[in-house]
Each structure stands twice: as structure tokens, then as C-alpha cells.
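Below, in C-alpha cells: the form predicted on its own, a single chain.
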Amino acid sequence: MEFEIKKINECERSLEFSIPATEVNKKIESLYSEYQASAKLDGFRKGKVPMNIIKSKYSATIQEEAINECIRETYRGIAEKEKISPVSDIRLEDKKFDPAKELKVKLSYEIMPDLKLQHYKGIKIKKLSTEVTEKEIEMVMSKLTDSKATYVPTAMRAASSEDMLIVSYDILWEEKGVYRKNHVSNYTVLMDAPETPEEIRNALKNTVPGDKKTVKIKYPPDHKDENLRDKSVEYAFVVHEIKEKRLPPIDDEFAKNIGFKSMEELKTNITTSIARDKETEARSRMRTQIINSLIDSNPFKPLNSLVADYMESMLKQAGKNIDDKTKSQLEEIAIWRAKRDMILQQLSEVEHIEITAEELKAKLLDTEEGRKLGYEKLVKDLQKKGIFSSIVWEFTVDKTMNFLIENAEISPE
């Protein structure tokens, strides 16, 4: 048997080999005997169907099956001999069978390349400040008090940007050439709510009860409400009532109402939470800087199969109606992610970075599922779902990234 392995690039390989026709024909004859022994056809007992009928009825199927079996067996032998370790599915590129001569086969596959990574220690990166400012604490406090706001009827005055308005409105929109009209009564409009369109806020500001306002809005194609996407809508508002926002006093009583013993404890909790979020953001940005640096200093072509997996996942999330520009951007992201994964896998091997049993147990028990199920039950559950190995890999990635950050040159951003 002759075979040849060709290097296409760092990742791709092609394998060409030929199998003597005598071996394929021997396999075909063996399959004919198997089919005859198990065939059930009307008018014949099992195993008693004449061979000429078997050949007439199943020849094409048997030949194809014999060829595929020969290909699989031959590939396994070559892979074992040459220590081929593909990281993608084996693809059959071509096969030609001459019953009088040979079966010629061409396969292709991908392997994990030896990237010979350089410059992965001492990478210069910048870290965002994780210091918590009074302004940041005040912003969180403002959101908390805002969530506990009450609204009270106000004396006759014009609506402000923080009021609640009780309105009725008629909505008119065009759908497939037909204008549809709907009436909504006693609708609440929060003037400072992010979801209230700016056009509506501007139109209703400075109105008084009894005022009527018409607003036209052209909604974008990606609007969160599918019913409004890419539609021109006209609203005819009637203002009925204006209510003024009243914020609760920021004191120990307020803190107790939301589950804390005092304002001091609430502020400590807010400070800790902000610091934790800022540290997470800072480390995320450092990770990105490191990966970008490694990609720039170690150019290579990523695995097509890995890029394709990421593209498939992102296209599924993006939906069918995406333009070529968006698709091109997604492809760039897929390539970046594939390179990142390959770099981290190779680094974890070079530096012998792996999750120990103790580390794995501690990390799993630190999750909500771990605290609820316990370690052994959670592991069995993850294995049953087929995601245990991917969870272990995620932990390995985190440990590898921590290694890179610990060995980086960090300066303040």
C-alpha cells in the first residue's frame, strides 16, 4: 500500500493512498456473503436467497460499503503508524475505484500545529484603576433611591424631565400598505426612563393636563420590539395627569428597607461591589491586550474547523438577516477567538498548566449548582450533559491567563 501525506499549511494536511483492487473485491465478496446470510426477501427463507439475486439487488450498496470500510481500515493503519492526531473531522476529498486495478483515495484533516510561541513573558500591558470614587458610589445610591421613588399628584404645572405622566394615545402605523389604528388608555410614561423614546420625552416635556401632542417615530430595523422594527409610527397623545417624583431620604431607615443594618454597611457593600466589577473589567482588558500581543508577535493560520464552529454559533445568534459587512466582522471575531484558543492550549501544554483535582473541586463547589448538588453529583450532571471537559478547559484557560498576567509588565492606564 502506498500513501503520501502533504502539508498544505501549519494546520491542514492531505493524505493520499491507494488500495489494491484485490483487497476491495475481497471485501465486496465478504459482504455479499453477509448480505445473503441475513437477507429476507419474499419467496425465500432467510439465508436462502440466491447469490445472483443478492448481487442484482445490492451490488451498488455493497460496493460502496466495501470501499468505505477499506478506506476506514487503511486510514486507521496509517494514522497509527504515522501517529496522526487530527483535531477535526476527516474529510473525504476524492475516491476513484478501478475494479481491475486499485482504489485511489484523498483525505484531508487538520492537526494542532506547533506554534513555537515566543514573547509570551514580559508582555507590556496597562491596567485600569480599580479605585472606587465617591462619584461612583453616589451613582449607585442614586439608582437605588430612584428604584424606591414614589410619584404623587402635583399642582397644575408643566411636566418636567423627571415626572410621571398618565396619558392616553392613539397609535397609527402602516403595515403592508394598510394603516392600522389602536387606542391605549391610562398609559404611564416615565419621562426619565431609558426606554422612553427621546422623541416622546421632548414632545411631552412642558405639557400640562389636557394638552395634545403628536409624535412621529421611525424605528430602526434592530429595535428590541419586533412589532416596531423598521416601522414609521405616529402617536397622538392626550395628557391626563402629571405626578412628581419623590425620592426617599438616604438614611439608616432607607438602608434597612433594602436589607442592610445601616447606611455604613450599605456603602461598604456598594464599594466592594464596584471594586469587584472594576477588577473584573480591568483583568478582562488585560487579557485582551495579552492575546492581541501574542497574535501579533506569533502570526499563524488558525484551524478552519475552529473558526467554522465559532462562525456557526455567532450566525445562529445573529439570525439570518445580516449583511455582508456584519458577516465579515463576525468572521474576524471568529478568527481571533480561534487563535486565542490555540495559543492558550499550546501555552498550557508548554508551561504544564493544568487544573488539579483540589482546584477543580473548589471551583465547582463555589458555584450555585455546586453548593446545591455537591461535588460528586455536579460532576456526574456535567458529564451527563457532555460539558464536563469544556468546563475543565475553561478553568484551565483562566489559570493560563493568570500565568500570563503574573508574568506581564503591568503599568497603570
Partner chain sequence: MRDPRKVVILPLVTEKALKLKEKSNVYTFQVDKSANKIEIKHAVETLFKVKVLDVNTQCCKGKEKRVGRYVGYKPAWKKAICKLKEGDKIEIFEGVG
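Residue numbers count along the first chain shown, from 1. Only the largest set of C-alpha atoms that superpose within 1.5 Å between the two forms is called the rigid core. In this text, all values refer to a predicted model and were calculated from it rather than measured experimentally.
One more form of this protein, predicted together with the partner chain, exists but is not displayed; see below.
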* Please run the contact check for residue 53 against the partner chain in the model of the complex: heavy atoms, 4.5 angstroms, yes or no? => yes
* **Contact flag, residue 375 vs the partner chain in the model of the complex, heavy atom cut 4.5 Å** => no
* **in the model of the complex, residue 43 touching the partner chain (heavy atom, 4.5 Å)** => yes
* Asked: Taking heavy atoms only, is residue 48 within 4.5 angstroms of the partner chain in the model of the complex?
  -> yes
* To do: Please name which of the stretches 366 to 374, 35 to 43, 57 to 65, 352 to 360 has residues with heavy atoms lying within 4.5 Å of the partner chain in the model of the complex.
  => 35 to 43
* To do: Tell me, please, whether between the shown form and the other one the C-alpha of residue 361 is shifted by 2 Å or more, with the rigid core used for superposition.
  => no
